[in-house]
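So this one's two forms of a single chain, laid out as structure tokens and tagged structure 1 and structure 2.
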Structure 1
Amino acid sequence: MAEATLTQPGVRAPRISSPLLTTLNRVLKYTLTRLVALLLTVVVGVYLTVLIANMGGYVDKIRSSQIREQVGAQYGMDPQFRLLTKEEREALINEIVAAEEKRLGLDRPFFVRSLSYLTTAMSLNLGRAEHLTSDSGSSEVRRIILERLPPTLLLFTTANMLLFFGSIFFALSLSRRYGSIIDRLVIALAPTSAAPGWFYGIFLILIFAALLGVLPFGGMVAAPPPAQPLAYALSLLQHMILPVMALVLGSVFLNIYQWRTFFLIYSSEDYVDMAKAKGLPARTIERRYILRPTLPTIITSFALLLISLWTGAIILETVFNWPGLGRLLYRAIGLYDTPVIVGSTVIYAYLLAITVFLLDFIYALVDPRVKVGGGGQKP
């Protein structure tokens, strides 16, 4: 077998076989190509967000109009300003507006400013918000996002973990009871997932909060917040019940139906019938011959689920007055706060790119047939 030798003066280096060296080179080449491709994808996605958030430069015109209006209103109440002639008043206002536009960078062309936005965003220098502030009074986008992140993670992690694992286990159970009454009921209820979670949330609020009055809604905890940690935790749990129920009801039946159909496809394979003919226990068959081949798909769904936790839900958080990232993004869009919009998108884009990059290597670990770098499958 041909071998490659790596030597240094006075040091005897190990000998690396040629096939192993070829594999390492292929993996390294694939890794670099994948990183460059994902980086370009992130750059394009972030730049499109910059263009959309600024409406192609139209937001700059809105800001300039707001500045002129504020300056005119401020100096219009000054008696000394009224003594000036019309030409002098207009010249003074134009001078002040020009200085303010220069301070904000609005005097530069939008194309140049968009590239500046892109550069600072890609370096995770999120800057300062233009209108929004954190509860502590900071205008740094990083602090604003970090302040809204824990409520979103708490709510959506709880709901989506229950939804994900509950759907998989229930679907696996249904795949053993194909054609049963429960199976037919799930199929009949699957179209109900066409309605989003906030739609069910409105009805849950009307029933349990307005009519029955057994559950609170609005915010994370009662106002004022309880001083005792146990009372605070109980209040938090009570306020989470309705939004969690809304998120679960909005997707549970469709998820169960999809996973149930997915497991049924693998349950009909020849090797599963062979395992049944050998008399293997049902649990062993599910673990070895159904769950293991579907593990890459399950891991992909779970990884993308983790990324989606960082985005929140704009309408649902608004309906329940939940102080998370979704509601923050809704306010930022309404106020044309571009740094907050771009900052949220940048974080999501980086997380998504890292997840997609790592999934290729995770596939190779959980499925021996997969080779990193396009090496094909083992026969």
Structure 2
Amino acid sequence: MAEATLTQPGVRAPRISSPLLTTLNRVLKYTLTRLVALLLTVVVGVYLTVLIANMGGYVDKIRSSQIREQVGAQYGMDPQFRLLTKEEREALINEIVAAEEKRLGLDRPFFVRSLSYLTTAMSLNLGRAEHLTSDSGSSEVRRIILERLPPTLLLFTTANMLLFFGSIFFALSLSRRYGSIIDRLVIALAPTSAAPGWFYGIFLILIFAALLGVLPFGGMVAAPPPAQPLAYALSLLQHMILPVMALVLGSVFLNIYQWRTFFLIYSSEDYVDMAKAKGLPARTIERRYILRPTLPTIITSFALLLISLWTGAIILETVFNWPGLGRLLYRAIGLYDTPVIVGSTVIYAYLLAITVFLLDFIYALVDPRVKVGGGGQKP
């Protein structure tokens, strides 16, 4: 195991004897620290989001309309009040709303209020959407958002897995064939990553949907959705080809170029020459002496890439009519549906935090400095 070779006897923790346990312990500790740090970060991030949204009093509006609706539903139907005239009932409802607002602290100073908004936003408990509804007909913001989450995750994860493994594989093989025509072609193509994925999406739609007519213009499954699971999966796959291609095209060449450069820099290190001198097979050198030490750097650069890709995914979904979060956000903008916009922003903050956390965890697994306890100093 690679872990065993990397845990030097000299730095082994004295109480736990097994090197594997030490490693696990360290990774866990590191991960937990990062998790707590990230949770705090999310809290601060969501708080900032709430502050921005509330600068124009929008969260206040959401909350008071929510109260009004609840009170209206509760007392409007009550037979006890049926005998009252419309005005009297209105006045009564207004009174109750005011009392409720006082109870919930809407009359308190902003700072105190903003803290209660924070919990509301963190739990996505944003009440009802103004116009949008979920496919099941609910207009609860949390349901609408959670319903749109799986398609986004499906598209994004597929594309990024392809991007990560494809890029690493290709970059390694390029660093072996340094200076060849393909290598130079990739260097020449690297600037194309200046354009985001959705931009290539437009071209892909133009070529494959409009001109050739072989792939659909957009959407997630054919309409009506096929009843058989297999047919459904095939239809889904067919609809996924173009958006995934667009996401990959948007950053693949820059990725390969950067990683190939990392590999080349690291393969000129003395220990690699030493390994070559020892006569180790090329595959082993690549895996153990080049890929291994570059992985932390590569994961860090991939994390930054992923964060920028999340942004691009919003428009990509819009361009491809993909029924995910991005498209939801786009429709919410068009309808000025405030609760959904705030909720989507919060969920994107969550998604980014989860992305950072997952990559941190992987980082902890591959970075020997974390394992041998050299402190979590990141480059």
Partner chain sequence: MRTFLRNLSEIKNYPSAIAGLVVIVALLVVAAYALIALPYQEAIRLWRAGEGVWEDYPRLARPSWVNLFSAIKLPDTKVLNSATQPETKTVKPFGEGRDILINFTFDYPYDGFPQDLIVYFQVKFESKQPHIDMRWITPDGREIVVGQFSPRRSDSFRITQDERLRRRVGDIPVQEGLFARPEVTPLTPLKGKYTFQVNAITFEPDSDVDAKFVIYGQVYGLAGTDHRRRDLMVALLWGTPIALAFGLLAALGTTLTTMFIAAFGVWFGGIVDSIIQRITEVRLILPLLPILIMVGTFYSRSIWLMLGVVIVLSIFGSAIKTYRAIFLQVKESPYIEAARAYGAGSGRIITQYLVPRIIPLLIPQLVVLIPSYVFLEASLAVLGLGDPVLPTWGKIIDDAQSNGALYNSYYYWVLQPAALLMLTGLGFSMVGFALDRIFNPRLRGL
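Every residue number counts along structure 1's sequence, beginning with 1. Everything numeric in this text was worked out from a predicted model, so none of it was measured. What we label the rigid core is the largest C-alpha set whose atoms superpose within 1.5 Å from one form to the other.
Structure 1, not structure 2, represents the form predicted alone. Relative to the superposed rigid core, the position of the CA of T49 differs between structures 1 and 2 by less than 2 Å. Core-superposed comparison between structures 1 and 2: CA of N321 displaced by less than 2 Å. A displacement of 2 angstroms or greater separates the C-alpha positions of E140 between structures 1 and 2, with the rigid core held in common. Aligning the rigid core leaves the CA of I341 displaced by 4.4 Å between structures 1 and 2.
Core fit done between structures 1 and 2; CA of A332 shifted by 3.8 Å.
CA movement of T31 between structures 1 and 2 equals 9.0 Å, with the two forms superposed on the rigid core.
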